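Single chain ahead, by itself, as structure tokens, in the form predicted alone.
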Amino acid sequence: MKRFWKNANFRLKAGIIMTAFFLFLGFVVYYFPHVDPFTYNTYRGKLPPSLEHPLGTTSMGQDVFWLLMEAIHNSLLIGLIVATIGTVVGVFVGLVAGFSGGVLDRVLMVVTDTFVVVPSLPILVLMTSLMKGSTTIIVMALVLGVFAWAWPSRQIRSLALSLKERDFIHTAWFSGEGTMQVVVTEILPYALTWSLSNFMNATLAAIASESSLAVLGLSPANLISLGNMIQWARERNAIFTRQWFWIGPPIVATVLLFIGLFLLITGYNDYLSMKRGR
């Protein structure tokens, strides 16, 4: 770790620190004992920031700080689930298609290309509308995950096509290894580095997609997320009533989270380029 931190560039270090901070808020502070922030009129409305309420309360009597912690937790959880689905499914489909070839490759690529060319936003709008404003985090993540695997699959297939002509793959074939064994033991290790980069990028894209749907009023109304928190504050005229501590924190948190993930992705890619150069 010391060697990694010493060789890491500034963007990678800044991205790690910022992302770790949000993970701490979303998966450590979130579990501190507190009242359900979604419940209305738990406290007096429009209270200013204080020791009891660090960011004050909303006009509906909700604690803004704990509402923000819940929003960060749920947004990160959605991003991580979608990134896991997109990376695992994309890598698996891409490796199998690229290494198998033939009819299986053509069938898988037709399905993949279909998901690539179909515009995701109208489908997501339709699917979230069918949920009728009520769903769970898992279901929302699955909806977003439907479109998260296609591009990774195309990219990893190209890697598989180039690797399967290498001598060590032919040696594995001649030693009696099956297709899945060769994919898992010989090719997958080469895809792990790329998979980590794609995982971080997919996390950012998933959070952005959910936030966009929420700001448009299309995210489930019972889901506390950064996008929904902004939407609720906008609906109740937080700007016109000068409730800056209600609408400001989710906007700042969203921007900083995006910057942190962006720095992490670009810094990590530069770090890998530096290692290859050595």
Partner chain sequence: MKFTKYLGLRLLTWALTIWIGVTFIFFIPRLFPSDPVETMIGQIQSRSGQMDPLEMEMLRRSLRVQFGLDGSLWEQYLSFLWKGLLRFEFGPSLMSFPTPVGEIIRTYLPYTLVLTLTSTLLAWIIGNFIGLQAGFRKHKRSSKIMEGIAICIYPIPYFIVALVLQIVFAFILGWFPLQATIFTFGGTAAFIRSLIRASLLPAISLLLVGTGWWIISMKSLSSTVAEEDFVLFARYRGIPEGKIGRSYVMRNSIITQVTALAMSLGGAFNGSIMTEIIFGYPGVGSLIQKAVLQSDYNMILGCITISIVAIATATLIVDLIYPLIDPRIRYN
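Rigid core (definition): largest C-alpha set, two forms, superposition within 1.5 Å. Please read all numbers here as calculations on a predicted model, not as lab measurements. Numbering follows the first chain given and starts at 1.
One more form of this protein, predicted in complex with the partner chain, exists but is not displayed; see below.
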TL;DR on 48-56, 65-73, 22-30, 230-238: the one with heavy atoms within 4.5 Å of the partner chain in the model of the complex is 230-238
Is the gap between S129 and the partner chain in the model of the complex 4.5 Å or less for some heavy atom pair?
-> yes
Taking the shortest heavy atom distance, is S225 within 4.5 Å of the partner chain in the model of the complex?
-> no
Closest heavy atom of I251 to the partner chain in the model of the complex, within 4.5 Å or not?
-> yes
P189: touches the partner chain in the model of the complex, heavy atom cutoff 4.5 angstroms = no
Candidate spot V89, W173 and G178, all three in 4.5 Å heavy atom range of the partner chain in the model of the complex?
-> no
Could you work out which of V215, A221, M60, V35 is the residue within 4.5 angstroms of the partner chain in the model of the complex, going by heavy atoms?
-> V215
In the model of the complex, which residues of 180-215 put a heavy atom within 4.5 Å of the partner chain?
-> L204, A208, S211, S212, V215
If you line up the core, does V118 shift 2 angstroms or more at its C-alpha between the shown form and the other one?
-> yes
